[in-house]
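We begin with a single chain expressed as structure tokens, specifically the form predicted alone.
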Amino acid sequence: MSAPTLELEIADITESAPEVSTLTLKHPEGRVLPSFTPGSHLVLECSGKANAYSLISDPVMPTSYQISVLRIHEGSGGSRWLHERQPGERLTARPPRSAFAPQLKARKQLLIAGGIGVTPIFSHLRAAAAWGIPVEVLYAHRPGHGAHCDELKTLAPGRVRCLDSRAEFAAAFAEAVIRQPIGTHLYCCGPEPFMDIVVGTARGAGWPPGRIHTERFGIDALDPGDPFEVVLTESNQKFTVPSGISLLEALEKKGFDIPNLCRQGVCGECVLPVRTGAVLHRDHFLTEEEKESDEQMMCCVSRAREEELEIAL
């Protein structure tokens, strides 16, 4: 099951902060692009890999998509490759997907961003401003490296704080998290340690888990998981997938050639049909309905929820 693709042309590139490039992408023939849910990401094929980037542009009948990309020098190469692109070049993308959609019935939204994690938060703020939802934003960033601060403040005057001191952010968040009205939902995106602190503080203040939402990308954001047994019904094999090893890696070691691209649960290439067993879905590709059915899984990131899975392979 491969997702359809979009051919997009780079219309413009600007610098939103040091090491952060904002790319404006359009259809080569100027057509309207697919609309998307706030908080969605766009999967781009970058020099043989697939990386997901949050969309920050208007989601309704867009004539362009915008993404902001931090140059990560020690990364897998996707961000460096995008930073080398020029206007007029074309990119292949998968249509927008979301696992970080806003709750429309929320009484208020408390939006927390750290570093480049501001991109999905920007999208949420844009939607909250358009829908008239009360909102408050705390954005932590390094001095001189705040991206889109002016745009955020324009969308919600007086309700956005860009903080370049860890102590200042910690104090502001500790105060904000205890004075929100009942029915507020918290959304957070940023580095893993940052999000762990935010979530831990919110839970310590009595926030129910159902009102705390985080955006986590990449295999490094996942715990190693428990070992589990796999039964391959077509090839009559059974083996154990150890903790810290993905099902995709285990199958490759057994000699199976499984189509894959991103290895991060966003592109949809490595989908496998599940015969029996409960799946711990950790991807950003399958819909909630598809995940509930447990009829398929993304073997690069997802695991067994119980001790054994039967895969039609």
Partner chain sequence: MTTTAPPLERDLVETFPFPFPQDTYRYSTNVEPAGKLVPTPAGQWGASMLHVDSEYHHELDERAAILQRDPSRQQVLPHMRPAAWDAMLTLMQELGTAYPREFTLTRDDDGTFTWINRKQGIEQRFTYADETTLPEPETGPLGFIGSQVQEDIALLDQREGQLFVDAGIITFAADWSFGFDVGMSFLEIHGPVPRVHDMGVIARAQTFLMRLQPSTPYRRTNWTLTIGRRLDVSTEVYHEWGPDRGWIQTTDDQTFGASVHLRVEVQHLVRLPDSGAVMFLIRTYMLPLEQLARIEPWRARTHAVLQELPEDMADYKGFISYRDRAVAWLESQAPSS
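Positions refer to the first chain, counted from 1. Note that the rigid core is defined as the largest set of C-alphas that superpose within 1.5 Å between two forms. Values in this document were obtained by computation on a predicted structure and should not be read as measured data.
The same protein has a further form, the form predicted together with the partner chain, not shown here; the description that follows concerns it.
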| property | result |
| --- | --- |
| The partner chain contact in the predicted bound form: residue 105, any heavy atom under 4.5 Å | yes |
| Contact label in the predicted bound form: residue 109 to the partner chain, heavy atom within 4.5 Å | no |
| Proximity of residue 79 to the partner chain in the predicted bound form, heavy atoms at 4.5 Å | no |
| Residue 9 within 4.5 Å of the partner chain in the predicted bound form, heavy atoms | no |
| Interface segment, criterion being heavy atoms within 4.5 Å of the partner chain in the predicted bound form, picked from 141 to 149, 193 to 201, 228 to 236, 91 to 99 | 91 to 99 |
| Residues from 272 to 306 in contact with the partner chain (non-hydrogen atom within 4.5 Å) in the predicted bound form | 285, 286, 287, 290 |
| Rigid core superposition, residue 285 Cα moves 2 angstroms or more between the shown form and the other one | yes |
| Exceeds or equals 2 Å, Cα of residue 22 between the shown form and the other one, core fit | no |
| Cα-Cα shift for residue 61 and residue 288, closer or farther in the predicted bound form, minimum 3 Å | farther |
| Comparison of CA distance in the predicted bound form with shown form for residue 196, residue 291, at least 3 Å | closer |
